[in-house]
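First, one chain by itself in structure tokens, the form predicted on its own.
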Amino acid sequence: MRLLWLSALACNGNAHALLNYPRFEEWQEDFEWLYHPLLPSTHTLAEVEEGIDGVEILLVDGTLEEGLVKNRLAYKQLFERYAVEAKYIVTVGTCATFGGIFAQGGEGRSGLHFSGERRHGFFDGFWEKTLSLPGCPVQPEVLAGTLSLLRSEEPLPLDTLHRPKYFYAHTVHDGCTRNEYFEYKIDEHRFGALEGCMFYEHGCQGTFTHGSCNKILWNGVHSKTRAGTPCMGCTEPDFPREGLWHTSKRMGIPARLPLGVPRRAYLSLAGIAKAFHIERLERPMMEDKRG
């Protein structure tokens, strides 16, 4: 299957992340890169601007900006030329999907279909064949897996933002190794430590962020929460939020609650959980017990 990767305002984080896919060389045998900024490709960017044929999947990386010129052509013109031909369009990463970090730096910047949570409608004619793969950066397994599913023409259930549910149906909280601390409201945590939940004090957004970070570990080893830093919610439309490492509260209760949990139910459960005293969860996890 023939792929064309067009970068807008991007840090190349998504392009680099793909190189960390453990089965990259084997996976790549099923695809042909017509153009990619880092990988051996059939064509140069100059040839892409002149016009090439055969694009089946168009990958958009980075924040779009009014008047952005790619080499010699306006990015909008380049995108529209190949979007018409492509069978699928994939927004790679949060910047291409929602605007992301680069959208904070100036006017006229957005994702392909969204400006944060608002659907702007500039490219509505291409919405039905677009898939959204947010992440800062997107996990290589999510990108490689989605492209393989498209190649095999497997049905791909999507959510309302066109994120594949195979990878975005769960929250980051699902699979977090700190869930016991969360359940019993044990919030004494230091950055980098194995113990404690980061939801109550340090702004962890895993309970309302859609993603597979604690199910598909980065490099097969880690996630932010396993490493002792809070989830920053990078797959959601409102990323980046202000005060990323601080939990805003109202009368001592987190202002934003876990996805789908009513405030009254949360207060009831929190009161019950606080009544427990679990010594095992209050000790250092790696405490040496030898006499």
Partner chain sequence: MAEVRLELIEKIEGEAQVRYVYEKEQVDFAEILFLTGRGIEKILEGRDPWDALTITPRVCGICGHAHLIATVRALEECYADLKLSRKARTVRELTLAFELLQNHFKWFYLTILPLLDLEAPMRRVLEPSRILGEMIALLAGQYPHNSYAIPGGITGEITPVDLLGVRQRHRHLQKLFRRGVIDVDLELFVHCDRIEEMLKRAGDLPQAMQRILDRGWERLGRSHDRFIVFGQNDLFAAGKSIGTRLQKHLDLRYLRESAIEGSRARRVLYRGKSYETGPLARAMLLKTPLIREAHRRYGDSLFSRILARVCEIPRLLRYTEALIARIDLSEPAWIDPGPFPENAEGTGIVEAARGSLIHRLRVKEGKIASYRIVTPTQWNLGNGSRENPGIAQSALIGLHREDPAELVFKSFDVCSVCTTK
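Numbering follows the first chain given and starts at 1. Everything quoted here is computed from the prediction, not taken from an experiment.
There is another form of this protein, the form predicted together with its partner chain, and it is not shown here; the text below is about that form.
The closest heavy atom approach of Phe102 to its partner chain in the predicted bound form falls within 4.5 Å. Among residues of the shown chain, Pro137 is one whose heavy atoms approach its partner chain to within 4.5 Å in the predicted bound form. For the chain shown alone, Ile278 is not a contact residue for its partner chain in the predicted bound form, no non-hydrogen atom being within 4.5 angstroms. Taking the partner from the other structure, its partner chain in the predicted bound form has no heavy atom within 4.5 Å of any heavy atom of Ile272. Screening Ala74, Leu156, Ala193, Ala169 for any heavy atom within 4.5 Å of its partner chain in the predicted bound form leaves a single hit, Ala193. The stretch that touches its partner chain in the predicted bound form, counting heavy atoms within 4.5 Å, is 103-111, out of 103-111, 84-92, 161-169, 143-151. Contacts between stretch 34-50 and its partner chain, counted in the predicted bound form as any heavy atom lying within 4.5 Å, involve Tyr35, His36, Pro37, Leu38, Leu39, Pro40, Ser41, Thr44, Leu45, Ala46, listed in sequence order.
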